[in-house]
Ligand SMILES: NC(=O)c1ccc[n+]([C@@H]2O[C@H](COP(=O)([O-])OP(=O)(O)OC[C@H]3O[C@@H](n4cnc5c(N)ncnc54)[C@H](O)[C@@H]3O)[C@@H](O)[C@H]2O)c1
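Next up: a single chain in structure tokens, the form predicted on its own.
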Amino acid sequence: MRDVVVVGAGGMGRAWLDTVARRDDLRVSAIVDVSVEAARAAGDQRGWDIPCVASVDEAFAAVGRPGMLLNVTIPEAHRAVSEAALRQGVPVLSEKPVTPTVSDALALAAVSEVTGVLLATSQSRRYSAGIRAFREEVAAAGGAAQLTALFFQNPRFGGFRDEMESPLLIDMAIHTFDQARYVLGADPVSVYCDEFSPPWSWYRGGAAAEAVFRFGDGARFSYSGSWCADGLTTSWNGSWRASAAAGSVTWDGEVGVSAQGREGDPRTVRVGDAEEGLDAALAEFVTALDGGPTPSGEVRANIWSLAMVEAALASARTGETVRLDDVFAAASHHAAEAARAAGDHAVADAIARWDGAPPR
């Protein structure tokens, strides 16, 4: 039995509480939230008599060092919460993004390396039977040279997203960008992105974007997205098409995967059964803690998905193609300087050794 501290008692936090509760080898030992009342309400609703406190330090004081921590706070709090746990030897599974910026993510990756404690991000949309079948079919066709994702949704969130400068790219696109890395099995080299808002948009910031990423093997990934598209919306996973040497493959974002080679009719690809979403992300993390493979969302790998967002934003604001190496170089310099200024020379030295993206 492994004790779990869950930090964040909002909607996603409660979803994670239920995900942990579905396993017989984990138990929630404490709930942390800046609103202790919200934490206590979440515990009471589940009939749990456990500490409900306002900080990670209070939780650890109450229950001792747990087996893991789930970081489900707002993105701006991710670094502080994850770092506090890592420095006390507690592995962390964090909601996306691991931090709001690549610079902060590099700093956390360095803390993970220096302490030897695992930090991973839950990119839960990697874990679906549909995308696994799509990825396998693309690989069988020789790997995609051209990959396209359409994402068209129309949520009326209200609140902070309506006021964000770049709501689609900052709050949602990381899912699709991470899925592209997963399907292609590679990392990007550069991006050109054009962000805008249609005249009818109800968002203050850019709610639509067109982006083209070039990957190291020459493959191209094109993203066309909107958060203000009424009618004929796509799945929240988007709608995908891959063109490969041996044919083409499509995925509707749910369970519809189709393929067709140079000859023959289109065929429907069988989609298997497996754990999905939060359950699969948690299972992968626990398996790693038990000595299994490193999670796909381990921080040094996951930084690339965050860097895709940061590079796309930079391209949209400058109107120029942005190289991922340049994003990592600037973030690395900033993170190392900040660590040295704080007197954390071990972290600064780790970041300086990488001189860009951390090795995996």
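These numbers come from a predicted model, not from an experiment. So that there is no doubt, residue numbering starts at 1 and follows the sequence shown.
We do not show the form predicted in complex with the ligand, though everything after this point is about it.
Task: Contact residue in the predicted complex, from K96, R132, R214, R241 (heavy atom within 4.5 Å of the ligand) - done: None of the other options qualify; the answer is K96.
Task: Residue among G261, P75, G143, G256 with a heavy atom within 4.5 Å of the ligand in the predicted complex - done: None of the other options qualify; the answer is P75.
- [ ] Give a yes/no on whether R220 approaches the ligand to within 4.5 Å in the predicted complex, heavy atoms considered.
- [x] R220: no contact with the ligand in the predicted complex.
TODO: Answer with yes or no whether M12 is in contact with the ligand in the predicted complex, where contact means some heavy atom within 4.5 Å.
DONE: Yes, M12 lies within 4.5 Å of the ligand in the predicted complex.
TODO: Indicate whether D33 is a 4.5 Å heavy atom neighbour of the ligand in the predicted complex.
DONE: Looking in the predicted complex, residue contacts with the ligand include D33, since a heavy atom lies within 4.5 Å.
Open item on the list: At 4.5 Å between heavy atoms, is V7 in contact with the ligand in the predicted complex?
Closed with: Contact check for V7: yes, within 4.5 Å of the ligand in the predicted complex.
Open item on the list: When the ligand is placed as it is in the predicted complex, are V81, S124 and H175 each within 4.5 Å of it, taking any non-hydrogen atom of the residue?
Closed with: Yes.
- [ ] Using a 4.5 Å heavy atom cut-off, indicate which stretch of 195-203, 133-141, 105-113, 88-96 touches the ligand in the predicted complex.
- [x] Only one stretch passes the 4.5 Å heavy-atom test: 88-96.
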